[in-house]
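Before any questions on how it binds or moves, here is one chain, the form predicted alone, in structure tokens.
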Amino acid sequence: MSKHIFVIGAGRSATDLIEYLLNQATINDWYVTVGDMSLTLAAEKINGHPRGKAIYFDGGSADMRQEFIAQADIVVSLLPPAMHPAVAKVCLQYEKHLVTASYISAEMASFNEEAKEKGLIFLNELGADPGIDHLNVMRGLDKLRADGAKILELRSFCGSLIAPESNNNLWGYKFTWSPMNVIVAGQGAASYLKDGKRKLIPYNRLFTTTDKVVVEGLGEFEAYANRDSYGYIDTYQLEGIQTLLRGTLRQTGYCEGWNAFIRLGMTANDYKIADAETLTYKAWTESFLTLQAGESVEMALARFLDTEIDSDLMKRLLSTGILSEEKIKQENATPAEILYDLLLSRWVFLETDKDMLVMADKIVYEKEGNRYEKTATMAVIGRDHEHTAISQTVGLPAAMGVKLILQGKINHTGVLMPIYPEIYQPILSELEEFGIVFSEKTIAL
């Protein structure tokens, strides 16, 4: 019997997912419907495929959710994370499976028992990060434990970056995916385990507490702690581990620059600036500072940040235009929205650019009285502006998860993460066919 897949969202991360599902549709007797606020965009992703259909879909419309989810066998939600629970509720109502690439929220987790009772699979955290990181980490941990190893430390890092050949600004960064997510990244404490003790890093110190991560062939990166690593002790079955840290990778110098925006107050998203559109970016920046007699805004900024006026930090900040005489475009906007609009014009992901996704895992373990360090690294560079590294690494795992569900190869039910061998083994194996391969190395300590 034919199966019907409903993909909600046709944005940048959907390209390879939709292409994969359509390529599999004839083989597996599937039909794929793609819904998006832009019917044109959805139609472009379908590209005339005989088993594909593009529709206008507003994820905020309860009526539309009811109508189209009821017609599907499985739903892939690429909506913003806050909208997944509304989709999940309709999936429960009509008994449909669900796949997302987003973290499991408390509300999503609350659907676990009902999904189990109905034999449904709500497979989440199956993208790049979270997603491929879980797959590779669990593969490594399970293999080591099966060999009798005791896991002492786990560090897992991932970064969505710009490819070396397209890296031509002082920050080593361009917006290759959701820009506002980058602006508000890290707001809230990060939590992890280090040397047997729990660490809590508040937002105002997040970008000053960084690790150096070396990836062979790509050089050195810096990493800041990502969300709640501590919570993954149970997920990864790591009771007794001494260090567990999940982090986000950036090019060297980025974190110091971003911390300057935080210290200034430019990433705040909880209040509006009245008549913001009457200000220049220079006047806006000055509003965060107290100028001393005879001091320029540039001098005051350097003094506030305790740096030299010709330092690399100042060069990075000035390259964004925060002291330009250009007028702010957004009206009655939050500082984060103003910064978003400014950086969006500076960190443009050009048609000729390529993005890059980098992962680096490190596991320290003990076996037969000796200690070892096992590293696994992976870098994917986008093929072009449509088939980006983000599109490949977010979309392909999610699409492969859909295939496993529809083929009845996942035995677990409920609200799941991809931490089981029946999920991570076939997906990692198939990802290698698409060039998404980890390079591993083990050394004695």
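Computed from a predicted model, the values in this text were never measured in an experiment. Numbers follow the displayed sequence, beginning with 1.
The following text describes the form predicted in complex with a further copy of the same chain, which does not appear among the structures shown.
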Subject >> Proximity of Y271 to a further copy of the same chain in the model of the complex, heavy atoms at 4.5 Å >> reply: yes
Original post:
Could you tell me if E286 has a non-hydrogen atom within 4.5 Å of a further copy of the same chain in the model of the complex?
Top reply: yes
Original post:
At the 4.5 Å heavy atom threshold, is K374 in contact with a further copy of the same chain in the model of the complex?
Top reply: no
**OP:** May I ask you to check whether R198 falls inside a 4.5 Å heavy atom distance of a further copy of the same chain in the model of the complex?
**Re:** yes
Original post:
Heavy atoms within 4.5 Å of a further copy of the same chain in the model of the complex: which of the stretches 75 to 83, 161 to 169, 136 to 144, 262 to 270 has them?
Top reply: 262 to 270
Subject >> Non-hydrogen atom within 4.5 angstroms of a further copy of the same chain in the model of the complex for each of H49, F57 and P179 >> reply: no
**OP:** Could you tell me which one of N370, Q71, T290, Q93 places a heavy atom within 4.5 Å of a further copy of the same chain in the model of the complex?
**Re:** T290
**OP:** Please pick, from R316, R346, K116, R205, the one residue with any non-hydrogen atom lying within 4.5 angstroms of a further copy of the same chain in the model of the complex.
**Re:** R205
